[in-house]
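Here you get one chain, nothing else, as structure tokens; it is the form predicted on its own.
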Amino acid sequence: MAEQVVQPRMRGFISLTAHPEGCAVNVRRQVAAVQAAALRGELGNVLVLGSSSGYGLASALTACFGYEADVLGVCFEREPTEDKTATAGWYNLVEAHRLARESGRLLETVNGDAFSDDVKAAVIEALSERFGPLDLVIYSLAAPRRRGPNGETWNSALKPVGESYTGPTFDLRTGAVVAAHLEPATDEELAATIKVMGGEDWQDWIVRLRDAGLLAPSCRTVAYSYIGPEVSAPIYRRGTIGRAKEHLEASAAGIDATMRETVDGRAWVSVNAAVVTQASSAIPAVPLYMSALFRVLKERGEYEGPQEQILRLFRDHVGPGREPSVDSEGRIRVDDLEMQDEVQQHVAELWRQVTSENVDQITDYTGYRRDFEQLFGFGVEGVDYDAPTEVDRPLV
């Protein structure tokens, strides 16, 4: 046993600590939201690649507790040590596993590098021995780097393409609105980002699962993407990450053909809306944009966090018996509320006005910061942060 008082140790867009009980409360609330949704139908076996936080965690919880699926997740999280807490994703899954056991559901996790051959082999072994062919495969990886089988490494880069970028952003350490300046990516950095965040690995997973006979008849697979507004386009959609997302979306056609030919299945990309994640917090301009966006959406009663969006994605598009609505490029659009013309016009007005002096008044920076802290289990209502808590929580 290793009880201790856990305090946040923030370093820009990361926290060096995570609060186990805060993470557990967050997961319990997500599960309660899933159960309250009273989803209809059942899923057999589901694989979630990137299952420990954000959209991936929401997908695993929705499948397990909403559709009574047996769920295998893959993530890359750090376990607790004598002098460090585990990562937030670790504690999220500890609680998710506990709740699944209490409910008599099967929820397992393979903790390791989802790009690696070893982890792919471990997943195939687990599916073959304890699950069976898959009805749904969710691809929700957001990794900073990828290692190849021969020792080569590709690192993703958050940079514009073709020309430099200068624009407003938050200094997350002070809350001030400051100018961010980034030089354009090199060809090598762009290629590496596509290698890490594009569609190649998604396709590799589907081919391996197909070859192992682990795609059930009519199996579906969905990968998550993002488009975003014009204000962040130079650094996001027209930058290195956006190019990688375009590759992911383009890969869907080939994967869809594989699914159709093999098991009469389908593949789609779901374009989701902006939410606070550790990855999105690292992108200049995006935290400031989201603070303005959240203000507008909350005033309209249309704000959705990751769990609410994934519930809508499953209920309306990819759940049992559902046929998704898609845009002209074949993508599911769960960012429809964010991208409404009236919403974007209002956000653009706030964007032009915001300064360090008025940011708290005209945006929802307070809500953004609260969501950011809650990623790591801090700032969660009902948690006593002055009380010692058990940090040595095993993932079983």
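The numbering used is simple: start at 1 and walk along the sequence shown. Here the structure is a predicted model, which is why all the values come from computation and not from measurement.
The form predicted together with a small molecule is left out here; the points below concern that form.
Trainee: Of 249-257, 137-145, 151-159, 207-215, which is the one stretch near the small molecule in the predicted complex, taking non-hydrogen atoms within 4.5 angstroms as near?
Mentor: Partner-contacting stretch among the options: 137-145.
Trainee: Does the small molecule, in the predicted complex, lie within 4.5 angstroms of each residue among S52, M197 and Y226, using heavy atoms as the measure?
Mentor: The answer is yes: all three residues contact the partner (heavy atom, 4.5 Å cut-off).
Trainee: Please determine whether Q203 contacts the small molecule in the predicted complex, using a 4.5 Å cut-off between heavy atoms.
Mentor: Looking in the predicted complex, residue contacts with the small molecule do not include Q203, since no heavy atom lies within 4.5 Å.
Trainee: Does G112 reach the small molecule in the predicted complex if we count a contact as any heavy atom within 4.5 Å?
Mentor: Close contact exists here: in the predicted complex, G112 approaches the small molecule to within 4.5 Å, heavy atoms only.
Trainee: How about Y165 - does it come within 4.5 Å of the small molecule in the predicted complex, if we only consider non-hydrogen atoms?
Mentor: Contact check for Y165: no, nothing within 4.5 Å of the small molecule in the predicted complex.
Trainee: Classify C219 as contacting or not contacting the small molecule in the predicted complex by the rule of any non-hydrogen atom within 4.5 angstroms, answering yes or no.
Mentor: The answer is no: C219 has no heavy atom within 4.5 Å of the small molecule.
Trainee: Please pick, from E304, E95, E189, E77, the one residue with any non-hydrogen atom lying within 4.5 angstroms of the small molecule in the predicted complex.
Mentor: None of the other options qualify; the answer is E77.
Trainee: Please pick, from A100, V177, A274, L297, the one residue with any non-hydrogen atom lying within 4.5 angstroms of the small molecule in the predicted complex.
Mentor: Filtering the options by heavy-atom distance leaves A274.
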